[in-house]
Ligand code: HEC
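This document starts with one chain, in the form predicted alone, laid out as structure tokens.
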């Protein structure tokens, strides 16, 4: 079986596009085709070309049983999807931004963080009547924090209370809040405090 010139041009063109097109993509496009993707598309194109090449040959005997045919299809599907997922995790194609980073101020990001179930502030603290009651009401967090410890500013008091809740336990409440120093990043902590400082 001979390979036609048109067949070689198609395969070569697809491979060339996989390597050349990413060069012209700007950061504004949000697309990122790294080296792993280019290698993957190259190998995939060669494999697809090989399959088309085999289709031009003599017919082969069919698979003996339906279970074997189904198992073959499932194996190819799982292998292909698994490889694509692996590459997607190693080299993301799209640069996604979190909701809290889309042009929001520090206070706005802090409010999103406060109401994020993964952080859980609202589960124990109320703000304007909304939230849990196991912890102190934070509706006037900034005003109250400024009066708790005369030697500390409101920001420092809030920071210490979040990182080390056991340092200053509000009367009539149990010391049940976990330390958040290892649960949120320094930037998230700044955003959270910025939001709490708006509560006066």
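If you're wondering where the values come from, they're calculated on a predicted model, not measured in any experiment. Numbering follows the first chain given and starts at 1.
One more form of this protein, predicted together with the ligand, exists but is not displayed; see below.
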So in the predicted bound form, is the ligand close enough to residue 109 to count as touching (4.5 Å, heavy atoms)? no
Using a 4.5 angstroms cut-off on non-hydrogen atoms, would residue 152 count as touching the ligand in the predicted bound form? no
Exercise: residue 44 in contact with the ligand in the predicted bound form, heavy atom 4.5 Å: no
Is there a heavy atom of residue 174 no more than 4.5 Å from a heavy atom of the ligand in the predicted bound form? yes
Since the partner is left out here, which residues of 164 to 200 would have a heavy atom within 4.5 Å of the ligand in the predicted bound form? 165, 168, 169, 170, 173, 174, 175, 176, 177, 178, 180, 192, 196
